[in-house]
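The chain below stands alone and is given in structure tokens; this is the form predicted on its own.
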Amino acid sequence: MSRLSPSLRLGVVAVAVAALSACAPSAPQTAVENGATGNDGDNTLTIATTTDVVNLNPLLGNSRTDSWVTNLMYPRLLTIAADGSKEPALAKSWGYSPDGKTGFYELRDDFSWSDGKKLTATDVAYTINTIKTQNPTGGVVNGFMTSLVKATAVSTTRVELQLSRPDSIVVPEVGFWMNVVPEHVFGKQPKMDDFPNNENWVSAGPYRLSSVVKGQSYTLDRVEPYPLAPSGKPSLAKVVFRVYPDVNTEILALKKGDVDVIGNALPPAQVKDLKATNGIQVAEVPGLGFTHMTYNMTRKPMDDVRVRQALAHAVDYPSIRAVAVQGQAVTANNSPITDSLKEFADPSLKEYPYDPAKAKQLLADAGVSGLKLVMIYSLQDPVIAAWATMVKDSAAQAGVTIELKGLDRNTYLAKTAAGDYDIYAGSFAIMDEPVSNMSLQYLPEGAINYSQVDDPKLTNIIRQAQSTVDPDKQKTLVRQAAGYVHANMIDNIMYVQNLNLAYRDEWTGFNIKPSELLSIIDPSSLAVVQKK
């Protein structure tokens, strides 16, 4: 599924918000944690980010930094392995009834909230039902819940999901993408969309937010016990996120030792230099996502397939991968199911060749001339910023004028949520489940349907894939859907890129996860990382 990235976002999805300033952050504070001994400055991990927190309520659509902070506070039922498969976290087992109409999670019994209350199946059922019934603005998880009727805590450790029909994506995707929140705190709110969660935080993750300096820093303190840490104690006394205006400033701070980790992925051009820098390590994170451009199909003339195909032929993909991505990417063959998901990928789908003459002919066939379009992208995504001008220049060779609008992250998210663009350029950090990915991207109600597509034929194929439990049939349907997206250029999937993340080499024990959304600052990583 999607997820806002960089890019994951992976991640994950847009929220209409006012732009927040990215002020120069202050130096990390030194303090002694209650119950700990010594100087916490020696046991504090400082993480650089280029995005401020938009919302500390994890049930709402979040920016990248929101997810990093709230993931350390509110547990997920499942986590993910390097190959995209799901692994236990709060849930120790999960699955479906034989008829596929009831899903379940069996929980660990040793989690508690930081205020001392036990975390039980009631909290999980509350979180699921709140997302389903209130449909918090911008939330991605509700995109997996179309077949969900309700969740019920049938015991203190077992949650069952009543489904209106068999649906193969609900259990793994809700389990992975949803943060569980405490009912005794969140349940006091009459409307979840209005709850900013700006104080008195209660955590069941390894850390609890203790201080916020908007535009500068976010400080989290260790919570004990935390069952997923060795001996139940997270290794770090504190985690501090510091906000920087851009990735270059982050890199300077890392080299100077002002920060220990850069949370976001490195620009490809910086990887070689940092690998050669004394005191710094670079970790490669497997790429399960992709970078793409989508054409807003609700705006003329992008509702004409020939125009979208012309735009696809007006992109010089090999040059973008060689120059802007520094050779650190491979083609996605313009397919939403990339070779990263080998079991489902269709090898017959090939990349649209860069062909300005063919693009001009397709536009002429569509009766379009003098086409002028606006493309939005985030200035905080240095790779996309690097190739945006290349897209503009290659499109000009086909007679298409593209106005580039590089935006600060929060304005970009707001315009994305409002559908205020001709062309959207962005990335997804994790596309882990083919059927759920396409459900979110291409169903009319999909939370990341940035092409604004509403195509009955495509919807029917994806719905069939959702409802089948036959692996071979599902594989066939996924390939049909991917082929339809490719042929009709519903989404221009450009390349797949592995991500590189940098940190000071005096730290060890990072647990690498396959996306920028989790990267090396996932709870399972920060609960065990320590100085050498």
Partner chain sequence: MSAIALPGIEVDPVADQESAASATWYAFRRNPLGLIALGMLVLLTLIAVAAPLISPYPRGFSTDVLQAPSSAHFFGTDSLGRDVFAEVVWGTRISMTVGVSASALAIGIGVLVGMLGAYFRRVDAVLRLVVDLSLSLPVLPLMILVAAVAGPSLGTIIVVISFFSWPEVARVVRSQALSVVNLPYMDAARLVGGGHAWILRRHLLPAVAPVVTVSVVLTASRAVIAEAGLSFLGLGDPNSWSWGRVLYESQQAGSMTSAWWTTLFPSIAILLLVVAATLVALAYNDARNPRGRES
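Residue numbers count along the first chain shown, from 1. Only a predicted model underlies this, so the values are computations on that prediction, with no experimental measurement involved. Heads up, when I say rigid core I mean the largest set of C-alphas that superpose within 1.5 Å between the two forms.
Another form, the form predicted together with its partner chain, is not on view; read the next lines as being about it.
Here the chain stands by itself, but in the predicted bound form one stretch of 110-118, 217-225, 230-238, 406-414, 406-414, has heavy atoms within 4.5 Å of its partner chain. Shown alone here, Asn460 lies farther than 4.5 Å from its partner chain in the predicted bound form, counting heavy atoms only. Of the heavy atoms in Ala153, none are within 4.5 Å of its partner chain in the predicted bound form. Proximity of Asp316 to its partner chain in the predicted bound form falls within the 4.5 Å heavy atom cutoff.
Using a 4.5 angstroms limit between non-hydrogen atoms, Ala324 touches its partner chain in the predicted bound form. The contact residue chosen from Thr389, Ser97, Thr133, Thr157 relative to its partner chain in the predicted bound form is Thr389, the criterion being a non-hydrogen atom within 4.5 angstroms. Only one of Tyr377, Tyr105, Trp177, Tyr207 comes within 4.5 Å of its partner chain in the predicted bound form through a heavy atom, and that residue is Tyr377.
In the predicted bound form, its partner chain lies within 4.5 angstroms of at least one heavy atom of each of the following residues of 264-279: Pro267, Ala269, Gln270, Asp273, in sequence order. After superposition on the rigid core, the Cα atom of Asp408 is displaced by 2 Å or more between the shown form and the other one.
In a rigid-core overlay of the protein, Glu173 has its C-alpha displaced by under 2 Å between the shown form and the other one. For Ser319, the Cα coordinates differ by 2 angstroms or more between the shown form and the other one after the core has been superposed.
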